[in-house]
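Single chain ahead, by itself, as C-alpha cells, in the form predicted on its own.
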C-alpha cells in the first residue's frame, strides 16, 4: 500500500502533466521556451514577497507570474524583440528574486524546495491548488484552441479571419503564468520550462495532428512523473530532477524512434 504522501505526489504530478502537455505544445510551436524560463524565474520573487507579507506562496507566485506574463505580452505587442526581452527579463527576475529571498530569513533554509521543487511534501491544499490551476489552463485552451492554433500558424491569417493575434498571445501567456504557479511545488522554478518543452518536443515527431501531439505530450508528462517518482523512491534522488531526467530519457527514445520511422 502506497503512503499518502506518495499518492499526493503522484496526483500533483499528473495534474501538472495534464496542463503542461497541451500548453507545452504551443510553447514548442511558437518557440517560446524562453518565456517559460522568464516566468518561472520571476516566481522566486513571488515566493519572497509572499513570505515577507505572510501570504500563501501560491498566491504570491501567481501574482508575479501574471505580472510577468502581461509585461511580456505588452512588450511583444509593441514590437519589442521577444528573444532579447525574455533574455533580459528572465535573468533579471531570477536575480531580483534571489536577492529578495535573502531578506526573508524563513526562506533561506528552504530555497532548494522552491528552485527544484518538493513534490513529496505536497499537502491536500497544494493538491487542490494544482488541480484547480490545471483545470483553469485546460478550460482556457479548450475555449481558444482553434483561435490560438490559427494565430500560431500565421498572425496575418488570424487577423484576416477576424481574430486578434495579440489577444490570443495574451491568453497563452496567462495560461503559462498559471502553470508556472502550480508547477513551483512539483519541479521548482529552475525546471518548470523542462516540463513544458520536453514532453511536447518528444511527442512532436511521433504524431501528425496538433490535438494528437497535445494528448501524447500529456501522456509523456504523466509517464515522466510516475517514472521519476519511482526513480526517486528507489535511488533516493531528488524527485523534481528525477521527473525531468525520465522525461529527457523519453525524449531521446522518441527522437530515435522518429528517426527510424523516417528511414
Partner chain sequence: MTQPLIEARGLCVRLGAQEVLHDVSLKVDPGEIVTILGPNGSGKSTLLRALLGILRPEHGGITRKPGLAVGYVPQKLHIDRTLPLTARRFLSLPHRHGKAETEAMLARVGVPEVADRPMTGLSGGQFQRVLLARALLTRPELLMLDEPTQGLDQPGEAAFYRLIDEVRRDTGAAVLMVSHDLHVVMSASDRVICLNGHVCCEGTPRVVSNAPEYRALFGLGTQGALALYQHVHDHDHTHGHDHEHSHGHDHGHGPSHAEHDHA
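Positions refer to the first chain, counted from 1. Just so we're clear, the structure is a prediction, and the values are computed from it rather than from any experiment.
The protein also exists as the form predicted together with its partner chain; that form is not presented, and the subsequent description refers to it.
- Checked against its partner chain in the predicted complex, the residues 88, 160, 99, 139 give one hit for a heavy atom within 4.5 Å, which is 160.
- Of the residues 48, 202, 68, 213, just one reaches its partner chain in the predicted complex with a heavy atom at 4.5 Å or closer; this is 213.
- Stretch-level contact analysis of 40-48, 27-35, 233-241, 60-68 against its partner chain in the predicted complex, using heavy atoms and a 4.5 Å limit, identifies 27-35.
- Contact annotation: residue 153 falls within 4.5 Å of its partner chain in the predicted complex, judged by heavy atom distances.
- A residue is said to contact a partner when one of its heavy atoms sits within 4.5 Å of a partner heavy atom; residue 53 fails this definition for its partner chain in the predicted complex, lying far away.
- Interface membership of residue 145, defined by any non-hydrogen atom within 4.5 Å of its partner chain in the predicted complex, is confirmed.
- Contact annotation for residue 207: at least one heavy atom lies within 4.5 Å of its partner chain in the predicted complex.
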